[in-house]
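The form predicted on its own is given below as one chain in structure tokens.
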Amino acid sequence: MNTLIRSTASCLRSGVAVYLPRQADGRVCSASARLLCAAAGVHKDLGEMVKKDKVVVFMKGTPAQPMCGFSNAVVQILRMHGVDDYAAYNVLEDQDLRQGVKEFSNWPTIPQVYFNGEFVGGCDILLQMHQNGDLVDELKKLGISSALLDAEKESK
């Protein structure tokens, strides 16, 4: 019981923000940790967190306000492909999450991107996938049609 109380208190203090899927009217909503305290354990059941949404990003800052160039690049790449429906976790607001996700993925840097619960990589990997066309294919496997494909069809 004490562990639950400590986790909840930590969650409330940290104010971790999570961006939820884009609403029908185009708005991107965020929810504070108060609404997502189930995700508040130290290792936060990272396995559950990365499987909760098709696309999950652990980043510095938020999609609306990235706090590092690499996190910004990931947000921009996803935006170019029309991927707005993803969960983003700000690791700067929770040091346990920041360290825990590095240990979980065995990858030393942030941002980290997951597709359907599987670790994809960081900014460099996502950029490479974008440049060589693999990202379009991976998004298609997730049931997401890349906006770049749609734009290409319209230009023909």
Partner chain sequence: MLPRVLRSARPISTSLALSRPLAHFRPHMDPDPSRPVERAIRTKLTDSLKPDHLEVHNESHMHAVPPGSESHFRVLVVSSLFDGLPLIKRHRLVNEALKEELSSCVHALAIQAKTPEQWGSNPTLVKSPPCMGGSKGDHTVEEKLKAGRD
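Residue numbers count along the first chain shown, from 1. Note that this is a predicted model, so its numbers are computed, not measured.
Omitted from view is the form predicted in complex with the partner chain, to which the following refers.
Interface residue remark: residue 54 is not counted as part of the site for the partner chain in the model of the complex, having no heavy atom within 4.5 Å. The closest heavy atom approach of residue 87 to the partner chain in the model of the complex falls outside 4.5 Å.
Within this chain, residue 108 lines the site of the partner chain in the model of the complex, having a heavy atom no more than 4.5 Å away. Using a 4.5 angstroms threshold between heavy atoms, residue 100 stays clear of the partner chain in the model of the complex. For the stretch 116-134, the set of residues having any non-hydrogen atom within 4.5 angstroms of the partner chain in the model of the complex comprises 119, 120, 121, 124, 125, 127, 128, in sequence order.
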